[in-house]
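Take a look at this one chain, the form predicted alone, written out in structure tokens.
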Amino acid sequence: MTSIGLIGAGMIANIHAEAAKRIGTSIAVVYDPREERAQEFASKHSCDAVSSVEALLAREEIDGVVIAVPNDRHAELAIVALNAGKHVLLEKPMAMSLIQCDEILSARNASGKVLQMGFVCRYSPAAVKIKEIIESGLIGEVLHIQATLLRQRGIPGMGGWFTTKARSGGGCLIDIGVHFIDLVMHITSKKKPVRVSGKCTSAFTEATYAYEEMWSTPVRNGTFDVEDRVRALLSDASGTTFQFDISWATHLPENTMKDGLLIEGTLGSLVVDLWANELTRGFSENGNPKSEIISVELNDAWDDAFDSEHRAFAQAIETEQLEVGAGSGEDGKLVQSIVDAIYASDELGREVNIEQ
């Protein structure tokens, strides 16, 4: 049985802990600078709470750590954990810059330990199915993917670290957009994005936004200097294009645009809801348009995805090798390069090339 520690005791850390326990990984220890939160976590998951990162990393019984903290601490904590000889599951985004990504990769290479990125959408049962379909050649060469994720009221903790650029690095793009950026690269095996055009906007304020439910509660009179909506068009060296329409909040009526992926290939198409138990394939038969429903095996899609992510991490710990299909540090850097380019395109008001 593998044993892990968690750095961070917030909502996402609790989700990781539950998934780890379901697949047989032992939760040994947690650290969070908010002592009360750490103690609550320790009581809930029957583990120890320690008073520092150093104390957590000194625990010899833990094989790896899950890092689930604000974005501005990702690089620092991933590096110190790798240097301490621990395998690392790092929540997205990888870091705040490409320079930080390279620093993490250097620490990984020097340590010989595994770095797995928390790109959990790769493991949704529907995502696993569509990757199989694409690789089978059933829809031919992928020409275009439209990725849509529109939260109507989903700004996480307006006024807190999520909406403070100095701590988060950005808004909905770097928070939830990274999931779809990684996912489309993963399912198509496209790894050479060359240029992107992006537009970021912010339409909401504390006065015009009514909080409903999200990861973190609002902070009154806090900072909100990031985007709540982004639209981007990305081109790969292969000629495949990717369109992203992402929001934390929108005035559009709910379900005006369906969340998920519209995948167009030379021989067919796929309409995908990542968390559903079926998807739709469009194709031609004797020149006539046809469609079929393809079933997706699942129990609870959300839990299934996190469970699979933790099975991959447990296997990586045991074999000291990242399994094929798990998010690597290189994948994290690739996503960061696209995020940085979208922000640069928005700032410059034109299409930009992607630095890798």
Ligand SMILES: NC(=O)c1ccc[n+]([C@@H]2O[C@H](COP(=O)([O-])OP(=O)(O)OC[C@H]3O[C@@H](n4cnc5c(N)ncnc54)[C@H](O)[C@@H]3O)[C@@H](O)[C@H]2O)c1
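The structure presented is a predicted model; accordingly, all values stated were derived computationally and were not measured. Numbering starts at 1 and follows the sequence shown.
Only in words, not in the display: the form predicted together with this ligand, which the text now covers.
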Non-hydrogen atom contact residue 118 with this ligand in the model of the complex at 4.5 angstroms: yes
Contact flag, residue 313 vs this ligand in the model of the complex, heavy atom cut 4.5 Å: no
Non-hydrogen atom contact residue 71 with this ligand in the model of the complex at 4.5 angstroms: yes
Residue 122: touches this ligand in the model of the complex, heavy atom cutoff 4.5 angstroms: no
Residues 8, 12 and 161 all lining this ligand in the model of the complex, heavy atom within 4.5 Å: yes
Which of 190-198, 276-284, 174-182, 243-251 sits within 4.5 Å of this ligand in the model of the complex, heavy atom basis: 174-182
Single option in 130, 104, 147, 77 placed near this ligand in the model of the complex, where near means a heavy atom within 4.5 Å: 77
This ligand in the model of the complex - contacting residues of 260-299, heavy atom within 4.5 Å: none
